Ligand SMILES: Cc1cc2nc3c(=O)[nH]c(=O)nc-3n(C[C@H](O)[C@H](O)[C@H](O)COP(=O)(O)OP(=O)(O)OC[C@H]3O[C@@H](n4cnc5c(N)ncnc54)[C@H](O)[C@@H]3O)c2cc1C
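Presented below, as structure tokens, is a lone chain in the form predicted alone.
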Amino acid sequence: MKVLIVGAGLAGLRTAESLRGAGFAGEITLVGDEPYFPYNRPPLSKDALANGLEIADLEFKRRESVADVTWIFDDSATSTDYQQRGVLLKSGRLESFDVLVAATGIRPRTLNVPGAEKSKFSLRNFAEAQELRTSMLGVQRIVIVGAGFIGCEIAATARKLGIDVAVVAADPEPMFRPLGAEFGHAMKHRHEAHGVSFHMNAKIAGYLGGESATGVSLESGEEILGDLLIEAIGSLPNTEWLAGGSLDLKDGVLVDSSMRATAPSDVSIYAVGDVARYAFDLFDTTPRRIEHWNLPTETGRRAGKSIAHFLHTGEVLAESVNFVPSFWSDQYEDNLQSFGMPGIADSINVVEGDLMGDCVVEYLRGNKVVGVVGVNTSAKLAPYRKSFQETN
């Protein structure tokens, strides 16, 4: 019996560990498109850019239980043969499976604007972080397109390096979707106090200067100059290799509470991590794909347990999704942390401090608290996680 895990990141690693922990003694193969064992990605926009890091500094410790796992590095899936139960890799290698786990994560979304090929960057993996750091150290000003967490973290890191930063985004406020307008507005002021300039509600019309761009032009006619450009406008799930199998791939892979895809019914397919879309039963019944840091571990553990249970009993494991999404973000001296799903709220309640300083902010949908975000107040947020699990 062979479990093939396509994607050698944290979610893939936790799936393999969970399989072994649940008693699965069969073959496990992991396929990764990078030459590294699974590593921690959040530092890429912070310490790796500011100080430089080696891959050994980022690698996750692997449990002894997965010492016998087969690792295939520097290769990626191109297509899936559902009838023959095999995955074709870019190298031409065909990997068979009895159970398939999609752990292929996400890739940066890019602007559909030509040009700037020699001075345009995105940030998702270690190689990109190395390249971006080398390029940033030789410039005086940058333009960041996008004001989400990655864009704002890179902005903070660049300011620490003494680089002038302009942020351009279509949203009305930084980090608007996860934090809302009020909190986002307060975060903009924090960045402005460190010298970042923002151009919100703005759209890119084109790049200035050809392949080696010297800035961007906006639809408003304004031109913003920069020695290099960073696109940080969100992400796309890597699901193209799963086409043709009747899976729901509208935004990632739709799975049930066991992380099992619902079709085709005669093939055992699971999805974990950033590529999986499922309902968070603690909050509502709407399936969502959420990219928070703890979910690759939660979904990987659930999938490994579920696969082992199914192979042993022939039954799908029926457990509710009791995961509480959480994230953190370090920007300058401030640490943002969150539990729950603030993005689905329709109002906020500042329960401690104020938005311009250290604070605790509850996010409500109707009268129900569905999320909490704090700045430099991590110890005061911990009870919320327990509360979500006890009251939902």
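Please read these numbers as outputs of a predicted model, since none were measured by experiment. Don't overthink the numbering: it's just position in the shown sequence, from 1.
There is another form of the same protein, the form predicted together with the ligand; it is not shown, and what comes next is about it.
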Requested in this report: Name the stretch: of 7-15, 380-388, 364-372, 20-28, exactly one has residues whose heavy atoms fall within 4.5 Å of the ligand in the model of the complex.
Outcome: 7-15
Query - Heavy atom of Gly304 within 4.5 Å of the ligand in the model of the complex - result: no
Report task. Spell out, yes or no, whether the shortest heavy atom distance between Gly52 and the ligand in the model of the complex is within 4.5 Å. Result -> no
Query raised in the report: Does any heavy atom of Phe339 come within 4.5 Å of a heavy atom of the ligand in the model of the complex?
Result: no
Query raised in the report: Quick one: does Ser76 come within 4.5 Å of the ligand in the model of the complex, counting heavy atoms only?
Result: yes
Report task. Could you tell me which one of His194, Arg109, His292, Arg85 places a heavy atom within 4.5 Å of the ligand in the model of the complex? Result -> His292
Query raised in the report: Only one of Thr80, Ser268, Asn238, Ser119 has a non-hydrogen atom within 4.5 angstroms of the ligand in the model of the complex; which is it?
Result: Asn238
Query raised in the report: Using a 4.5 Å cut-off on heavy atoms, what residues in 28-50 are near the ligand in the model of the complex?
Result: Val31, Gly32, Asp33, Glu34, Arg41, Pro42, Leu44, Ser45, Lys46
